[in-house]
Ligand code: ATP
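Shown next as structure tokens: one chain only, the form predicted on its own.
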């Protein structure tokens, strides 16, 4: 099974990395593919360039086997629609279950995504929830796809919905950028190598984070 974890990673931080590592272990995944978006359709454009965000990801996962950077959205022209990314991944991995991991906030906006129903044609969707929070209220489209047994994801290539509580670190890239802009110390929020890279390249330091 292959996990898919998309985002702007602007910059990558421990919230991203801890989630990716935890789901890799929980679901026994062969790998988790971290996919930086090029032109995210639902948010403002990234502050750092695509190549810089990829370099920061490389530094962050250098010692973590099984976490892989996938640049297909950056390499592809146009808006970074997840349905196109999953379709492409399905062509590359025709016989592997694909698990798209998204946070509960993103899931609540899923019906605004481009061709969102087709996501299930190519992958399972795993909603990452906070421990102790109630399971999401679902309409019929989602309810008929929801499963309560993790093993069902391994037994099917796509089409299922599963909710997984994980340790969600309360870190946001917006807050991290503001720390750099305010010239405060970002230690323990993201890897030291990434902090050094940001400082060396003077990223985020003169920007008002939004």
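It should be emphasised that the depicted structure is a prediction, and the values quoted were computed from it without experimental measurement. Positions refer to the first chain, counted from 1.
What comes next is about the form predicted in complex with the named molecule, which does not appear here.
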Just one of 63, 174, 155, 51 has a heavy atom within 4.5 Å of the named molecule in the predicted complex. Which one?
-> 174
Have a look at 138-146, 162-170, 54-62, 180-188 and name the one stretch with heavy atoms inside 4.5 Å of the named molecule in the predicted complex.
-> 162-170
All of 5, 8 and 16 with a heavy atom within 4.5 Å of the named molecule in the predicted complex | yes
